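Below, in structure tokens: the form predicted alone, a single chain.
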Amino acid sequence: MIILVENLQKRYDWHTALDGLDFSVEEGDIFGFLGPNGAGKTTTIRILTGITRADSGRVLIDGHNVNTESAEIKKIINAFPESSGYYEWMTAYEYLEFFSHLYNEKRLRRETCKLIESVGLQGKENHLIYTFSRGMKQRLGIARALINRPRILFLDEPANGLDPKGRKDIHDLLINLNREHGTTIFLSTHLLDDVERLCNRIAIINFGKIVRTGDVKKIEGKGTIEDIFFLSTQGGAP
């Protein structure tokens, strides 16, 4: 397994955000991390990517402890957070070049332009970011998350707010990354049709606890993903 989470706990003042999380992700998975708003999805991603420290528990990324071996982990991961900032006075090319330097990634201009093209922004490399639509910014954010060629990509609501075509484009991009490059994708979302199209395994979180995990095809044998999600987050069990 490439991600192992054991008994993860996190509190904020009086609120328990995570209450003993246990799950694992296999290399090559597109792993759907589902739950209603406030369930603990973003907190989990922040801990897995080393932004926030858990109160207790253990997280291993490719065998490395997230608390003590963060430098090794940062070499193989990247993330696209739900709230992603953009330097809107830059062009798309300048933006990606800036982040490539932060990661000490030496890319030829044609490589950066190819990355821009791969996320559906061909011909936009010299356009200022402030002229981009929300969907175009989402694509650019994913390109930024790919700048260091990560083995594991963490995505927090990457298709949120996109129109149907924009969502399909993002889906196609993620499927290609997974199938052609072997990228493991950890996808946090509340869009259940995204899960049905993309994911091979899921975990459902509610009130900071994992309430269901499993293979999507096996789970679908017991009902639709929507039914399973509803029953799992309402305390029922199909």
Partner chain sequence: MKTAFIMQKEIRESILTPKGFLWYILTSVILSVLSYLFLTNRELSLLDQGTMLYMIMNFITALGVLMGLVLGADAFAGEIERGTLEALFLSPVKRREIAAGKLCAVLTNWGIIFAISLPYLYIVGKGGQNLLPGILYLGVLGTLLSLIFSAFSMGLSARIKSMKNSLIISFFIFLLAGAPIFLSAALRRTWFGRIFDLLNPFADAVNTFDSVVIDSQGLSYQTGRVAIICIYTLLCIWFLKRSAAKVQM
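Numbering follows the first chain given and starts at 1. Bear in mind that the values here come from a model prediction, so they are computed numbers and not experimental data.
Absent from the display: the form predicted in complex with its partner chain. The rest refers to it.
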{"property": "Partner contact for Ile175 in the predicted bound form: its partner chain, 4.5 angstroms, heavy atom", "result": "no"}
{"property": "Contact flag, Glu94 vs its partner chain in the predicted bound form, heavy atom cut 4.5 Å", "result": "yes"}
{"property": "4.5 Å heavy atom contact, Thr52 to its partner chain in the predicted bound form", "result": "yes"}
{"property": "Residue contact check: Phe132 to its partner chain in the predicted bound form, 4.5 Å heavy atom", "result": "no"}
{"property": "Contact assignment for its partner chain in the predicted bound form, among Lys74, Arg149, Lys114, Lys168, heavy atom within 4.5 Å", "result": "Lys74"}
{"property": "Candidate stretches 207-215, 176-184, 43-51, 30-38 - the one whose heavy atoms come within 4.5 Å of its partner chain in the predicted bound form", "result": "43-51"}
